[in-house]
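Two separate entries follow, structure 1 and structure 2, each one form of the same protein chain as structure tokens.
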Structure 1
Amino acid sequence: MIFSLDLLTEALLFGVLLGCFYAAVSIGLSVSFGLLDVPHVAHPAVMVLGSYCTYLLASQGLDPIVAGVVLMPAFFVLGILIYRFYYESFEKRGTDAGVRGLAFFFGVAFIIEIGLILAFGVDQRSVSAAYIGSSWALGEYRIPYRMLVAFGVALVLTFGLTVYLSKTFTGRAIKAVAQDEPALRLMGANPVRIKQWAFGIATGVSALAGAMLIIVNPVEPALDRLYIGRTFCVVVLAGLGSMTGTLAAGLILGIAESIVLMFLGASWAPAVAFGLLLIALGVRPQGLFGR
């Protein structure tokens, strides 16, 4: 493909939208893995589960975004249950939580994936809404409305979580748990309850992220494998637990992927996130905005 300024601008524009979307799908992981140190490899699988739940609700005539919001409380509870189970089985026992905890979440991801295959089959599923399929003509560029919707929701999510974590009492407690758990225990607070709450929030957010996932592209059960790279790339690049960093890292990934997509072709796109992740891990594991 010929390199031209026009194409580059288009790639950049699309990259920014895509980047915000990637930030939104990673923000749950940024809390659960970045702040709570839970090796949540199943995060993308939970998100895809959210997409399928959205699909079910949307086929009843509900708007996908509304469906995502409706699903949030249910996923919040699911998150609390997952964390509780993880805590009782691994963190509490202490020894060797690393290897087995990882294996546990890896297993959970596969169970969700296969469960979805058994329930829905391997075919791609998509939802329909007024803003899906049409696009907005901005000068000579065409911006799909679905990307704009995802962009908007992503900004709201990121901004909301940033404010929540820095302004509210519980939010600050979550940050405190991430910083120094024993100190929090000495202050008479129960870190497990705070972590449980935070994990619930992270999972609740994943429901909305899953709704956006199915708005932006059709989903299939095995999609979570690809998103392991994207979400972890964003969270690691961001520096664990940094919300503004998540947005910045999402933008970097989105722009990089959209440029590769434009100039090298779709078959190279999956390598971008994983390649960037490897570079980030190898060169700067503490991320751009590391704590």
Structure 2
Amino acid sequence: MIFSLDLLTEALLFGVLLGCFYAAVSIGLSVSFGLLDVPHVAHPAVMVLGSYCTYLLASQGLDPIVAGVVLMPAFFVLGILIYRFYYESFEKRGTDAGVRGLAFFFGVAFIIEIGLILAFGVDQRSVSAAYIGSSWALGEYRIPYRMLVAFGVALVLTFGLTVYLSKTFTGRAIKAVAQDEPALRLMGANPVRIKQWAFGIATGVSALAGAMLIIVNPVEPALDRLYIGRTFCVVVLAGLGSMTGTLAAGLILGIAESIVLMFLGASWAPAVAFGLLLIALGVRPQGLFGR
């Protein structure tokens, strides 16, 4: 394809919006995997579950964004239950928790996917709202409002979690729990409860991420497979546990994928996340914002 400045500008503009969406759907994994070192490969499946729950509430007339917020407490409790089972069954029993835990979360992902297929079938589901299907004219470019919504949610989630993790005792304990559990016990905090609480937060955020997912595109039960590489790429590229880094890494992935999509075609776009992931692991394993 012949190089065009207009096409490059459009790719960069769409890439920024796409990158913020990737950051929004990855921020829960940044907490569970980045801070807690839990191999939560079921994160995209939980997010798709949130999309279907959003679909059910939206079908009753509730705005999808409001539905995502309403679902967060229920998903918070779900996260606590999942982590408690994981801890009692694997983490509490020894050093091979990582391998067995990985198999456990793959099992959770498959259970969610099969459950959604049995409940909703394999057809795609979507929601409707005033900002879905319309766009904002910016000169010669048209920006979908649904992407602007994802942009705003990503900023709010990043700012909110950054403040919570840095300004509250529980937040600082979450950041410290994977580094020095004995020291945390000396401060009067129970590491298991801290991890349980943090995993609940990560899962609660996934409900809102699921709402963003179904706003941006229709969803199907197997959609989580497309986001495993993307979400882990964002988290690893950011530096495990960095909230602001997650936003920056999402922007990098979104812009790179958008440029590849624009100039090389859609078939090459899915390879971008895995390519960036391999580069990050080979050149800077601690991530761009990791220590």
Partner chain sequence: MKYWVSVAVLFLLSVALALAPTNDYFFYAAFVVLQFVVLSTAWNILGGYAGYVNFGTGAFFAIGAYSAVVLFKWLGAPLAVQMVAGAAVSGLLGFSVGLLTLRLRGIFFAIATVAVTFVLETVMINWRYVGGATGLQLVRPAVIEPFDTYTRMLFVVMALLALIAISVARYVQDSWIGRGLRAIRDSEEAAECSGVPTLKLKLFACTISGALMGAAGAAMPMYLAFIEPASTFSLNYSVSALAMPMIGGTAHWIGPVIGALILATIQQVVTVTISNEINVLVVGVLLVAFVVGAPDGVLGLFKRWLRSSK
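C-alpha atoms forming the largest set that superposes within 1.5 Å between two forms make up the rigid core. Residue numbering: sequential along structure 1, first residue numbered 1. Because the structure is predicted, anything quoted here is derived from the model rather than measured.
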Of these two forms of the chain, identify the one that is the form predicted in complex with the partner chain. 1
Take the rigid core as the frame of reference and indicate whether the C-alpha of residue 16 shifts by 2 Å or more between structures 1 and 2. no
Cα displacement of residue 283 between structures 1 and 2, core-superposed (Å): 2.9
